[in-house]
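A single chain comes next, written as structure tokens; it is the form predicted alone.
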Amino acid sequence: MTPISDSDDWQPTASIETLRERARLMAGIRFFFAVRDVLEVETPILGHGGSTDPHLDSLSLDATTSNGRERLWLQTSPEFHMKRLLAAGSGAIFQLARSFRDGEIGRRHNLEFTMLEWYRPGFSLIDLIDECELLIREVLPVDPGPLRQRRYRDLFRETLDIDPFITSLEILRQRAEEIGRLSMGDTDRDGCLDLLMSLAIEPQLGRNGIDVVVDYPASQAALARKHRDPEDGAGVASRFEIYLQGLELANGYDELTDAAEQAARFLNDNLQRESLGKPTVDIDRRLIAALEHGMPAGSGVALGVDRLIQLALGKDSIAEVMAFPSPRC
């Protein structure tokens, strides 16, 4: 019999032993939340609204539903559905969810990945940072070192000698072109800052310790509240990101609960997408309705499970801790 294919790309990229270790670590994550009485939930991968974030690209499909043919969006995170549960009175919840982002391919990225997301009504950002630290230390086999809090603005000043809040867009584009060796002529302010952050700053973070970056520009608040920088009153996002060994592991927010402001941000995001030549994304109107009903104040965080497991097992890429990453799916 002639084989249909002589390729061996049917095999998993992670060894079976690694997949056993992954399962053990996932069980440990579930136990971490069980002892803290945080409810595990499951929500849909598909939704009628997608992420409008100008710097994320959602995947969508056309499906036959009870309403006929509809466009549905694959979640970039389970955030919208989980917030609807919070508004319905769920209390503290967590989820290990399959998430999807178009174009995210590489040593640290995959089109489909596992997101750990949890929400803590009544928690401040400091409370949630403390809990994130406890979870990371629980999963990692060795002590990663002390936790350090760093201000986004200070990192740019120290590393690049620029103030990301007041430096002109022209200079940001010039610096981004120098470092990224790319044409940045049409790139917006946040696009330039993201490139500079990822290429010049992130690789240095989380060395001999856990770095927590706070006080991002207000334009990068996404679904977070905003507050004022005590230095000069500039608007900043009430969010944090956690880095370890040059990898971004987690992104946390003091969650926005104002329905009108959230709706306005969604609309503004789509305007930005149009200006960048990107397709608009359907707004999740059920999330807006949930916020109008009332969602409790608190904080939430999304953590990249594949990256954390990669670090815990000492692997060089997330493909080594996944069964079938995108090229082999």
Partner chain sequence: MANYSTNEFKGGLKVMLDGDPCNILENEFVKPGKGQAFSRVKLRNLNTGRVWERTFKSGESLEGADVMDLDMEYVYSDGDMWHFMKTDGTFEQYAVDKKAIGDVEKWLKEQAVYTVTLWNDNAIAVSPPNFLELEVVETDPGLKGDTAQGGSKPAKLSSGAVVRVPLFINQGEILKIDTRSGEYVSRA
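What you see is a predicted model, and the numbers here were worked out from it, not measured in a lab. Numbering follows the first chain given and starts at 1.
Although it is not shown, the form predicted together with its partner chain is what the next lines describe.
K.L.:
Only one of these stretches, 159-167, 124-132, 106-114, 228-236, has heavy atoms within 4.5 Å of its partner chain in the predicted complex; which one is it?
P.N.:
Among the candidates, contact is made by 106-114.
K.L.:
Wondering, does I242 line up within 4.5 Å of its partner chain in the predicted complex on heavy atoms?
P.N.:
No, I242 stays farther than 4.5 Å from its partner chain in the predicted complex.
K.L.:
Answer yes if any heavy atom of M197 is within 4.5 Å of a heavy atom of its partner chain in the predicted complex; otherwise answer no.
P.N.:
The answer is yes: M197 has a heavy atom within 4.5 Å of its partner chain.
K.L.:
Applying a 4.5 Å heavy atom distance criterion, does D282 contact its partner chain in the predicted complex?
P.N.:
Contact check for D282: no, nothing within 4.5 Å of its partner chain in the predicted complex.
K.L.:
Mark D269 yes when one of its heavy atoms lies within 4.5 Å of a heavy atom of its partner chain in the predicted complex, and no otherwise.
P.N.:
Although its partner chain is absent here, D269 would stay clear of it in the predicted complex, with no heavy atoms inside 4.5 Å.
K.L.:
Checking a candidate spot here: are Q204, D215 and L303 all in contact with its partner chain in the predicted complex (at least one heavy atom each within 4.5 Å)?
P.N.:
No.
K.L.:
Between N208, Q174, Q149, S183, only one gets a heavy atom within 4.5 angstroms of its partner chain in the predicted complex; which residue is that?
P.N.:
Looking at the other structure, the residue within range turns out to be S183.
K.L.:
Judged by heavy atom distances of 4.5 Å or less, which residues of 27-57 approach its partner chain in the predicted complex?
P.N.:
D53, H55, L56 sit within 4.5 Å of the partner.
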